[in-house]
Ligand SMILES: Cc1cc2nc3c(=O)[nH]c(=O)nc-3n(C[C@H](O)[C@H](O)[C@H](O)COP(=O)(O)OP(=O)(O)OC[C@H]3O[C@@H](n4cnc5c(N)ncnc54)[C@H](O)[C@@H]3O)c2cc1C
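In structure tokens, one chain follows: the form predicted alone.
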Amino acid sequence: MNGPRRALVIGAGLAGCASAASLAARGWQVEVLERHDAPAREASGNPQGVLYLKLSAHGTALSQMILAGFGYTRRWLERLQRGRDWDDCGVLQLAFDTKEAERQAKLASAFDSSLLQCLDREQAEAVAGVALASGGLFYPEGGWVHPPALCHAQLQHPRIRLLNHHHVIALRRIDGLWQAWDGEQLLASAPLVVLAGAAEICNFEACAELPLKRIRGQITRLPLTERSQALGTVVCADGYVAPARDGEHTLGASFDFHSLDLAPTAGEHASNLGLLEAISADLAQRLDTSALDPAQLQGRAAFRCTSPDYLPIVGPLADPAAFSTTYSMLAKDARQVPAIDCPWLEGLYVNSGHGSRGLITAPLSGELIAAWASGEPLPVPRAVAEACHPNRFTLRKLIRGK
């Protein structure tokens, strides 16, 4: 790219902070524009997120992305304080029915035991420190992370400038620069922009057709008790519960596909307590949940942002209308390889759609963005990068004739 290596990143959650860190590491001067008063105020603001690999035994693009992302995030976390910012206490995914047990057995045969291993109930209870209804799949290098700590660490670079209370409403490209506007106020400009504001990026014209979906999730914070200190690892079934951080366990998270209200509700706290009972009735007793009033519990709600194929949406953006016109012949013959340049929106990138896997996929996606922008080899196989590419949805529409 010609001219000074300057970039804007819109959004200071996991995706935005990772994008900024990866660009800054390559010499870019980066301004991060965040509409709130600090980073990690939305989905990246939970007290504890789970770091574990939801894999397929078939080597799918998503599995490859998760494996690579897990290793990259783990290397980042080594810079943070274990016990306060993260802990590699392991993650136990319970085999709560026969179908899940069969799935786990296939995974255990497909991957090395240093990554994951099947445990019977007695072994699982020894690892977890509490009584369980079943054994499960144990990820010894997994654990929990305090996402805001990772976000703040990634912003600690001399070439990154964080601008809070900067709400970008519109982007305009003028004289080779992308201008970020809040109404009539010009906030900043640069030749390169990364849109990393979860589903909010659909408010920008270039992203309006991206099929991003909001899913509300509520977590519940449960005070540590003397007996709940026994919990030694994250345990998951339909929900998850983590060993205590800062005197509290994190429990959750709910899935609500309809509500757009972010006020925590007593009903979802009660539902989370039900998830805990299913994970470990013993731990629920240790936390004395029968004496807790859901209306008095503390927690927070945020929106996950996911795509239809569960892969993140990461990469350079094309002009949607021009793309459909340029490659219209694919509707008749999908096997064609048109020798026509893609109508890129030069210098405009997206890093979004991480769902509940942001701790795993967002940091590596920052590397993917920076590699594209800097003309470097990509950090994942080309097929994986293409599977995450924003153009995939428009391409599928063309080929299917929809």
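Treat the numbers as computed from the prediction; the structure is a model and nothing was measured. One-based numbering along the sequence shown.
There is another form of the same protein, the form predicted together with this ligand; it is not shown, and what comes next is about it.
Engineer: Any chance H167, F204 and G358 all have a heavy atom within 4.5 Å of this ligand in the predicted bound form?
Structural biologist: Yes: each residue has a heavy atom within 4.5 Å of the partner.
Engineer: Looking at L348, V30, I369, L33, which is the one with a non-hydrogen atom within 4.5 Å of this ligand in the predicted bound form?
Structural biologist: The residue from L348, V30, I369, L33 that makes the contact is L33.
Engineer: Identify, from the list F111, Y72, F96, F303, the residue with a heavy atom within 4.5 Å of this ligand in the predicted bound form.
Structural biologist: The residue from F111, Y72, F96, F303 that makes the contact is F303.
Engineer: With a 4.5 Å heavy atom cut-off, would you call E200 a contact of this ligand in the predicted bound form?
Structural biologist: Yes, E200 is a contact residue.
Engineer: Considering only heavy atoms, tell me if Q154 and this ligand come within 4.5 Å of each other in the predicted bound form.
Structural biologist: Looking in the predicted bound form, residue contacts with this ligand do not include Q154, since no heavy atom lies within 4.5 Å.
Engineer: Considering only heavy atoms, tell me if A196 and this ligand come within 4.5 Å of each other in the predicted bound form.
Structural biologist: Although this ligand is absent here, A196 would touch it in the predicted bound form, with heavy atoms inside 4.5 Å.
Engineer: So, in the predicted bound form, is A190 in contact with this ligand at a 4.5 angstroms heavy atom limit?
Structural biologist: Contact check for A190: no, nothing within 4.5 Å of this ligand in the predicted bound form.
Engineer: Just to confirm the contact call: exactly one of 59-67, 338-346, 359-367, 22-30 touches this ligand in the predicted bound form at a 4.5 Å heavy atom cutoff, so which is it?
Structural biologist: One stretch meets the cut-off, namely 359-367.
Engineer: Using the arrangement in the predicted bound form, list in sequence order the residues of 223-258 with any heavy atom within 4.5 angstroms of this ligand.
Structural biologist: Read in sequence order, the residues that approach this ligand (within 4.5 Å, in the predicted bound form) are Y240, A253.
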